[in-house]
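Coming up is one lone chain in structure tokens, specifically the form predicted alone.
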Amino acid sequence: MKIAILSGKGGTGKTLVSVNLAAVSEKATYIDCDVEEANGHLFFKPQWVQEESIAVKIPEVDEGLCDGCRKCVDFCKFNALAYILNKLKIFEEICHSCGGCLLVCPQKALTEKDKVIGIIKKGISNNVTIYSGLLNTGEPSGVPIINRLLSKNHLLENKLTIIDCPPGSACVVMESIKDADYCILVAEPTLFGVHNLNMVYQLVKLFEKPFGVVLNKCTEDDNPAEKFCYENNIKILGKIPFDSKLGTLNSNGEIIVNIDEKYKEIFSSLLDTVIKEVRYETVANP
């Protein structure tokens, strides 16, 4: 069972929900797909950490074979190639590793080499297996790291997998949710929160994923995000109150369900609700 946690921006509470759902489960795999700013490990503090380098293929040129036809330059839509002073220049920092330049080169002057773009870390914290992806600064895309994080050998370790997605709705988020069984959208109780909720709401609808919403930082005041859910017939899975104690513990990298019984009950109930939703969807849409 793969549960993806999304939010329209950072700071909404996506990692708070992800970490505590994993921690409150009997056994789970937690995957941090926010490869540009992974912070789930700060809560779990995993032990026995292993690292794996992730590389992509980028072109390199044999200058003795290149005749300056520029077909590769014309093909590349990312402007990663240029022919300057009778020499093919490859800008590795903006190459998207599509391999198309090799296919169009009539002289077969281009081959591929490996370029490390980041790492994956695996560790253990009590009942949770933790995977974190870290993209090197300046790399154009974290998609290859996310694809490796979500590879089948990782997902088969435990029955429950919690996927902590990047914020927003860009390509890295799409890669993170494409194989998810259920999506949880985390929203704040503001008009800006509604705007961000609508972004990920449209995304999960586009991918035809079953989903529900968790409302974070709830107070007694009017909640525009809650109103948005009612108006669009969106299931509210649970509410997390605005609580200075929760904020302090979270900012200190503490897992709240391990400290406060009230929040253990909140997240246990939330996990039970989500599991029931997934089972219902499985039966209703086999």
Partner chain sequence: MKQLLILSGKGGTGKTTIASAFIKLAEAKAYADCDVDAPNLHLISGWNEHPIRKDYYGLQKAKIDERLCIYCGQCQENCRFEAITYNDKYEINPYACEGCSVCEFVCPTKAITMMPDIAGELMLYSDKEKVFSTAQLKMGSGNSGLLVTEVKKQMKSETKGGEVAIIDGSPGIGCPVIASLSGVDMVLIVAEPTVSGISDMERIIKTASGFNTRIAVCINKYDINVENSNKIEELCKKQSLDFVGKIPFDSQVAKILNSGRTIIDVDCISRSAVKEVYRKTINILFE
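Positions refer to the first chain, counted from 1. Quick caveat, the model's predicted, so the values are computed rather than measured.
The same protein also exists as the form predicted in complex with its partner chain; that form is not shown, yet it is the one meant from here on.
Novice: Of these, 231-239, 25-33, 60-68, 246-254, which stretch puts a heavy atom within 4.5 angstroms of its partner chain in the predicted bound form?
Specialist: Comparing against its partner chain in the predicted bound form, the contact stretch is 246-254.
Novice: Answer yes if any heavy atom of residue 151 is within 4.5 Å of a heavy atom of its partner chain in the predicted bound form; otherwise answer no.
Specialist: Residue-level check for residue 151: no, no contact with its partner chain.
Novice: Within a 4.5 Å heavy atom cut-off, is residue 44 in contact with its partner chain in the predicted bound form?
Specialist: Answer no; every heavy atom of residue 44 is more than 4.5 Å from its partner chain in the predicted bound form.
Novice: Indicate whether its partner chain has at least one heavy atom within 4.5 Å of a heavy atom of residue 97 in the predicted bound form.
Specialist: Residue 97 belongs to the contact set for its partner chain.
Novice: Taking any heavy atom pair closer than or equal to 4.5 Å as contact, tell me whether residue 190 reaches its partner chain in the predicted bound form.
Specialist: Residue 190: yes, in contact with its partner chain in the predicted bound form.
Novice: Counting only non-hydrogen atoms and a 4.5 Å cut-off, give the residues of 7-26 close to its partner chain in the predicted bound form.
Specialist: Those in contact are 8, 9, 10, 11.
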